[in-house]
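In structure tokens, the next block holds one chain alone, the form predicted alone.
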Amino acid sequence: MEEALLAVAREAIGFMPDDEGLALHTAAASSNARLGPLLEIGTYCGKSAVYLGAAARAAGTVLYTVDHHRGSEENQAGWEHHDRRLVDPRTGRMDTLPCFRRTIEDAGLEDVVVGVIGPSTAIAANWATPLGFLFIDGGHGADVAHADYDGWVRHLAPGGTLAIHDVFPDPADGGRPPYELYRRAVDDDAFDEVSVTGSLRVLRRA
């Protein structure tokens, strides 16, 4: 990954540790671009989109990044991961879209990173393009996380790569829904585990 892009990724607001971001980039770069484009659920301020966008450019494909940009439950006021810098002063609501756009502009990736703005489930229900790579890192509430899995995994082409973030086997380390998604994928004979880096799990569809 180019040092200039890596510097932007490291500087961007977000929750992706450097080793996991580099592992995500490697997984995306190793996926088969002929199967379809890359797609991530949960953009926030674009940190992971830089790692993935760099891989998409190198592979000659694009990254679609899906988010409503109003923040997940854990990003709202009074919660642990709330960031007051991302509140729209006019409405008092979370709005990460301007931050995301600046991140992708700073990275020079506007030609390969396509922001898709809206509810993940609504977009998934109307999606028709097979995916070569899918990264799930949206809301971590049980209903939201499982709806993302149900809505998007069906669009992943055979041989495609599935990555899931914030997978913590020990409940003391983090919330359960991402781990539950990981277990669903592992327990499904159609997926084989490829790598583990911190809380990032990478699997491949048979």
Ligand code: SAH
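Start at 1 with the first residue shown and count on from there. Everything quoted here is computed from the prediction, not taken from an experiment.
This protein has a second form, the form predicted in complex with S-adenosyl-L-homocysteine, left out of what is shown; the following refers to that one.
Asker: Choose one stretch from 31-39, 56-64, 138-146, 172-180: the one whose residues place a heavy atom within 4.5 angstroms of S-adenosyl-L-homocysteine in the model of the complex.
Answerer: The contacting stretch here is 138-146.
Asker: Indicate whether S-adenosyl-L-homocysteine has at least one heavy atom within 4.5 Å of a heavy atom of A23 in the model of the complex.
Answerer: Output for A23 is no: heavy atoms all beyond 4.5 Å of S-adenosyl-L-homocysteine.
Asker: I'd like to know whether G118 contacts S-adenosyl-L-homocysteine in the model of the complex, with contact meaning heavy atoms within 4.5 angstroms.
Answerer: Close contact exists here: in the model of the complex, G118 approaches S-adenosyl-L-homocysteine to within 4.5 Å, heavy atoms only.
Asker: Please check if H155 has a heavy atom lying within 4.5 Å of any heavy atom of S-adenosyl-L-homocysteine in the model of the complex.
Answerer: Heavy-atom contact with S-adenosyl-L-homocysteine at 4.5 Å: absent for H155.
Asker: According to a 4.5 angstroms non-hydrogen atom cut-off, is F15 in contact with S-adenosyl-L-homocysteine in the model of the complex?
Answerer: F15: contacts S-adenosyl-L-homocysteine in the model of the complex.
Asker: Suppose contact means any heavy atom within 4.5 Å; which members of 37-51 contact S-adenosyl-L-homocysteine in the model of the complex?
Answerer: Counting only heavy atoms within 4.5 Å of S-adenosyl-L-homocysteine in the model of the complex, the contacting residues of 37-51 are E40, G42, T43, Y44, K47, S48.
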